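Here you get one chain, nothing else, as structure tokens; it is the form predicted alone.
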């Protein structure tokens, strides 16, 4: 077994603190890499607090993981010692179901293995995430990272990046489309970058004008303040797609009015309560509400390669791991532009 240093929550009421545990030895098909950087996702905080479902404690969060390979199993073909490597939200899946066979491991019908707060495919071994100094993952769920990008800024691509890239690719958003990005945070700022890179006409929808300058710097073509009635009225029936990154409660009916006929409102944020959607908000223009999770492993690698070729990374603020609670407090207030990343050398 491999002794591993980490920061963990012992229960939903306890702040993260140093913790030591053991990871499995490197098996024939495993890759071990020392973690250099780990992004801080809002879902880390949700899961520590049991906001969505009862957690598995002690919990080591972190699913935006970048590092360098230090050991590979005897049968590993695609990685060698010294390679850069990454792991996102998944570390395994059943490999056998209809979805897994279509490279949709994120929708594994038998249940995938999340990188933390989950179980390995044996159903009993807890998974521990990237707020740690090293990790062991089956090579099929390890991603190649190119050397030409800022590694710290690459880390959030493994969740925030793929969460926005995947739906934009699925709905073939690009040239000739008008895309609205609802919310400009960790997810939203990546949606803007990808939307622009794909050739769409991109508008940011936000409740205030505070981030308008940032939106334009990120490449957005337009900005709509959704608390300004005149701006909202001017934007009605104009968008082909809304990519909704907001995890707070909001009025879906108002946003659906901004869609053109056949428009699609795509949810990637996770508000705490179910949305109330009037049937007429959909019937009036054959509009759709859809959802999308992360991407599969192949699509995540495609996204990483696209980012390397087009010099796309996340806007980040690097932190020491001892400051994680302060980062959580700031994240809850929206006080980050746009993703915290832990420098794991500070562990």
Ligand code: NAP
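Please read these numbers as outputs of a predicted model, since none were measured by experiment. Residue numbers count along the first chain shown, from 1.
Omitted here: the form predicted together with the named molecule. The next part is about that form.
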{"property": "Candidate stretches 120 to 128, 80 to 88, 248 to 256, 133 to 141 - the one whose heavy atoms come within 4.5 Å of the named molecule in the predicted complex", "result": "248 to 256"}
{"property": "Option touching the named molecule, based on a heavy atom within 4.5 Å in the predicted complex, out of 152, 220, 72, 184", "result": "184"}
{"property": "Position in contact with the named molecule when the complex is considered in the predicted complex, options 297, 41, 316, 304, heavy atoms within 4.5 Å", "result": "41"}
{"property": "Touches the named molecule in the predicted complex: residue 269 (any heavy atom, 4.5 Å)", "result": "yes"}
{"property": "Non-hydrogen atom contact residue 46 with the named molecule in the predicted complex at 4.5 angstroms", "result": "yes"}
{"property": "Close approach of residue 115 to the named molecule in the predicted complex, 4.5 Å, heavy atom", "result": "no"}
{"property": "Exercise: residue 293 in contact with the named molecule in the predicted complex, heavy atom 4.5 Å", "result": "yes"}
{"property": "163, 331 and 336 all contacting the named molecule in the predicted complex, non-hydrogen atom within 4.5 Å", "result": "yes"}
